[in-house]
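What follows is one chain in structure tokens, specifically the form predicted on its own.
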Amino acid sequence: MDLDTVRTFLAAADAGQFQEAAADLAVTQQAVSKRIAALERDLGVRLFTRTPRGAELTIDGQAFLPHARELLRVAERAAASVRAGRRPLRVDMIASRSAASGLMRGFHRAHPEIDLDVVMLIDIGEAVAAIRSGTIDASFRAVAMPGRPLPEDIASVRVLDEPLELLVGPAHALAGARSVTVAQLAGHRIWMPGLLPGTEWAAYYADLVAEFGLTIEATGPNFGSDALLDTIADTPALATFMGGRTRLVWPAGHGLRRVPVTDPTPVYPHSLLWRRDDPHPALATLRAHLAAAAPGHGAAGTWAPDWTIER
């Protein structure tokens, strides 16, 4: 099967328009139409229906979509198997301001000769699939959800326990506290609109709530960190959790406070995941750097779910 036609099909499916797919692929719209038509002839089915809004997948197109993605993953993995030492090391992290970002910046400073590609995937299942296919070499993840163990070909090591801090506005009842115990948080409203069901961080906070009887609200749309900081600054009744290594910048007038949580200190356990037979030579360098540079984990006086990744 012609991989260029498969790649064009995926671009059109993701964009929903042939014109936008053409721009993404740096070809003409006519070339996109010809490639799609050739693929449809090969398969003997219609893959798209033209609509006023653009191009929508037919039922056959929807059925072909996951297999088309797998075709390109296999092709990439085949190419990577013979040129792994020549391409950048691809590492996934959840957000650019996260603790994992800080770890990778430290790695880049220590090893500027190693080319890096940083990607940001949301779902742990997507990250694991990308590792297994060779699309990425490693991913920073925190926990595996109950009932969803890692595949046997995926290895992991816990590299950092990040303490949680309470973020409050200047009028919050705990704004003047130098620290706060977990027990003192009972009854306070902790707002976290970014808790997506099915993600490992949602599972982590669900366990935290169950363990300590906290009230975490995930209601409302997630407009990003700036909107969250604005709301916390202006609402005395609300607080939120932030990782102690999460980089935040807010306007001086906000008067936000980061309050350490103790007795015990909840920690968010970051692990590095990789495929056991990944051939990229820089992967071993990254693992050695993290083992030497990152703090330990499982310290006394801390709490994390007992289903954290480490295998």
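Under this definition, the rigid core comprises the largest set of C-alpha atoms superposing within 1.5 Å between the forms. Numbers for residues come from their place in the sequence shown, where the first is 1. Please read all numbers here as calculations on a predicted model, not as lab measurements.
Another form exists, predicted together with the DNA; not displayed. Remarks below refer to it.
A55 is the sole member of V267, A282, A55, L272 with a non-hydrogen atom within 4.5 Å of the DNA in the predicted bound form. Contact with the DNA, judged by heavy atoms within 4.5 Å in the predicted bound form, is confined among 63-71, 33-41, 255-263, 273-281 to 33-41. Contact annotation: F18 falls within 4.5 Å of the DNA in the predicted bound form, judged by heavy atom distances. A displacement of 2 angstroms or greater separates the C-alpha positions of E40 between this form and the one not shown, with the rigid core held in common. Relative to the superposed rigid core, A23 undergoes a CA displacement of at least 2 Å between this form and the one not shown. Core-superposed comparison between this form and the one not shown: CA of E56 displaced by 2 Å or more.
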